[in-house]
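Listed next as structure tokens is one chain, alone, in the form predicted on its own.
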């Protein structure tokens, strides 16, 4: 497996000065995805933005794992609702143009 689009978990932890157990906990509750290649663990680039957001919630705002899980769920729901509103506006615009 190629690691071009993967970030070494250890490098991420060193850069942000966080403990690996936090990332393992996020994976355990299903908030992020970690890939293992041989004996190293990697974070897919697609997960990077979400992981950085979760790190800020925990370390900057001192929110526990359960709170982060609730916030992540609500943010996902808001994103879904925003997409639904955009779709409905586009459909409404079709009828208004007639």
Partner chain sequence: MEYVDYYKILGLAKDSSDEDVKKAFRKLARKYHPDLNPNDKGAHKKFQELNEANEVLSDPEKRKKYDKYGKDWQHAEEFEKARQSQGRRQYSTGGNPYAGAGGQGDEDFSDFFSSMFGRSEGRRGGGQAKFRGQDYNAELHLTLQDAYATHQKTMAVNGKNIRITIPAGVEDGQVIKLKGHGGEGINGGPNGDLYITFVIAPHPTLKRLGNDLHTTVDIDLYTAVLGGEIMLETLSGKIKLKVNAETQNGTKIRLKGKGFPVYKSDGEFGDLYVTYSIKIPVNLTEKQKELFRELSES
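Bear in mind the structure is a predicted one, so any value in this text is a computation, not a measurement. Positions refer to the first chain, counted from 1. Take the two forms, superpose them, and find the largest set of C-alpha atoms that agree within 1.5 Å; that set is the rigid core.
Separately, the form predicted in complex with the partner chain exists; it is not shown, and the next lines address it.
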Would you confirm whether the three residues 75, 90 and 93 all fall within 4.5 Å of the partner chain in the predicted complex, going by non-hydrogen atoms?
yes
So which of 34, 29, 37, 63 gets a non-hydrogen atom within 4.5 Å of the partner chain in the predicted complex?
63
Exercise: residue 81 in contact with the partner chain in the predicted complex, heavy atom 4.5 Å
no
Indicate whether the partner chain has at least one heavy atom within 4.5 Å of a heavy atom of residue 57 in the predicted complex.
yes
Although the partner isn't part of this model, could you tell me whether residue 49 comes within 4.5 Å of the partner chain in the predicted complex, counting any heavy atom of the residue?
yes
Compare the position of the CA of residue 89 between the shown form and the other one after a rigid core fit and state whether the shift reaches 2 Å.
yes
